[in-house]
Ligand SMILES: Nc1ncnc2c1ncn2[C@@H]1O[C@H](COP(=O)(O)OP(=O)(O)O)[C@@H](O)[C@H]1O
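In structure tokens, one chain follows: the form predicted alone.
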């Protein structure tokens, strides 16, 4: 099983939008996929129109790793399940304050899911916290959406440097540009710098388009409510690059 976290310490960068669409595309290819909504705001849960009748509390998630099937919901799409969020999981960070115990607990959750899923995709809250530090150390790949602005790129550099310096786990950091507009020179320059020599950025960008922003209205992935949209190709391109990177052998 491959674990893929979508993360940025800044909000409003298209993280959840991309995570939901990538999870859908992953499942559409026939992969058994679990989308774990770790953000107490529950945006991924909302986008997939999940209405869970289970009271999902942070302590229950961490301690019931052998019985997580009771908390997992079907998305209604083939091969795609969801571990939904609730406002109660805002306490998850406090329960992971002990780093070693936190890593052990998350690893146990991953191990318990390995027989049921090919991919677990995590939509992470926008913050630097005990939760994010634990995830930096346990996930296989960290996908980071970045708006092509100076402040957003600085935030990415800070997180990337922190992970490189402090993590003992070889997580693959996969930044990519979101809310991209090729008409803007500052965006084109950011792309050239990010994908040029020494750059880590994926070569596919997610554009800023109103049809993508309508996910909150339709409460479904873009390929479902707008199946002929040309912008599906952007998510497909990002997914293809992520999939190749995640499946590459280290070294």
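Please read all numbers here as calculations on a predicted model, not as lab measurements. Numbering follows the first chain given and starts at 1.
Keep in mind the form predicted in complex with this ligand is missing from the figure; the text below concerns it.
Enquirer: Taking heavy atoms only, is residue 204 within 4.5 angstroms of this ligand in the predicted bound form?
Expert: Looking in the predicted bound form, residue contacts with this ligand do not include residue 204, since no heavy atom lies within 4.5 Å.
Enquirer: Do residue 13 and this ligand come within 4.5 Å of each other in the predicted bound form, heavy atoms counted?
Expert: Because a heavy atom of residue 13 falls inside 4.5 Å of this ligand in the predicted bound form, the answer is yes.
Enquirer: Answer yes if any heavy atom of residue 29 is within 4.5 Å of a heavy atom of this ligand in the predicted bound form; otherwise answer no.
Expert: No, no contact at 4.5 Å.
Enquirer: Please run the contact check for residue 213 against this ligand in the predicted bound form: heavy atoms, 4.5 angstroms, yes or no?
Expert: Yes - in the predicted bound form, heavy atoms of residue 213 and this ligand come within 4.5 Å of each other.
Enquirer: Please determine whether each residue of 36, 137 and 171 possesses a non-hydrogen atom within 4.5 angstroms of this ligand in the predicted bound form.
Expert: Result no, not one residue of the spot touches this ligand.
Enquirer: Work out which of 80, 113, 159, 179 lies within 4.5 Å of this ligand in the predicted bound form, going by heavy atoms.
Expert: So the residue touching this ligand in the predicted bound form, by this definition, is 179.
Enquirer: Considering non-hydrogen atoms and a 4.5 Å limit, which listed residue (219, 200, 188, 209) is close to this ligand in the predicted bound form?
Expert: Only one option qualifies, and that one is 209.
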